[in-house]
Ligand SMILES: Cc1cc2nc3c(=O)[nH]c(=O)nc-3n(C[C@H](O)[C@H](O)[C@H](O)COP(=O)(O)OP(=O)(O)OC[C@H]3O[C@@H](n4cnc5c(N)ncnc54)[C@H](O)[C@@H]3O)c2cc1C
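Take a look at this single chain in structure tokens; it is the form predicted alone.
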Amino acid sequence: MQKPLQQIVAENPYVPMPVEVIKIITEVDSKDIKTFRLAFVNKEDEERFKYIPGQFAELSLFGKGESPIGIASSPTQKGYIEFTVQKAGVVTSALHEMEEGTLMGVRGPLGNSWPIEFLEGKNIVIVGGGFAFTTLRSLINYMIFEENRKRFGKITVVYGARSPGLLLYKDELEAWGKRGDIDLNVTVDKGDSTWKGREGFVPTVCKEVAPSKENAVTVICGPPIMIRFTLPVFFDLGFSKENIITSLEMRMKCGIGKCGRCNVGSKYVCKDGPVFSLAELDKLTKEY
């Protein structure tokens, strides 16, 4: 007797779950970064897709392939999941040509997550740069959700982009800035004639903000060059490598540790990561 399709999907990690594109948001002036809001076609799939901020999924486009993308929404936002996608290769370019109402596939959730239990009771410093702010956005929305907010201490956010037109989630940034429980610091490398905010590189702003190391954890994600120059700032502030968390999401491939293209030393980033502390990364080879 042939198994029902839903049972096959549940048992086979290679089979994507069908979703519908219900909303597309163009995030940046260059129009090459868009947020896609997806709703599951089957209620059983939605209930099965239980994720935590920091995880990712494979987005499948029929006839084109699939691409690993971090989940940009928070599990506290019900009825949909969101992915912010930069137009780059075959799959992401095809995704950018899609319209609302189109069907596609999602496979996941995959990888580990930001260490929520470790973060509880601590002050959290979020540092993000450019397009890599997506899963950090998920974490922020999770922490400020009314039922979760008391589980975390002070939240400090430093977020930067090259220019005002490349900042993501502008409406949310404005809403966060009005809250009294987030120290939000948005910066751009170089402003334009309309920019009234801060100018400066992320490492410099982190040095100016100078968050305290006391009972604090830093969660950082961004371009490698940004991370390279930001880490010494936090070392100077006294943060230990155990209390600096980052993500190697850019190394994600198949998502289930079968293709072998994401391994770093003894670790498979897509199964053991993508989230690691700097202390954990110090034990690996320097391939990352």
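All residue numbers are counted from 1 along the displayed sequence. Keep in mind the model is a prediction, meaning the values are calculated, not measured.
Below: the form predicted together with the ligand, not depicted.
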Exactly one of 227, 28, 52, 250 comes within 4.5 Å of the ligand in the predicted complex through a heavy atom, and that residue is 250
Students should find that, of 90, 175, 103, 210, the residue having a non-hydrogen atom no more than 4.5 angstroms from the ligand in the predicted complex is 90
With a 4.5 Å heavy atom cut-off to the ligand in the predicted complex, the contacting stretch among 79-87, 200-208, 142-150, 187-195 is 79-87
Would you check, heavy atoms only and a 4.5 Å threshold, whether residue 134 touches the ligand in the predicted complex? yes
message = With the partner left out here, check for me: in the predicted complex, does some heavy atom of residue 56 sit within 4.5 Å of the ligand?
response = yes
Check: Does residue 38 reach the ligand in the predicted complex, with heavy atoms at most 4.5 Å apart?
Finding: no
Check your understanding: Taking heavy atoms and a 4.5 Å cut-off, does residue 16 contact the ligand in the predicted complex?
Key -> no
Restricting to 65-80, the residues within 4.5 Å of the ligand in the predicted complex through any heavy atom are 66, 67, 68, 69, 70
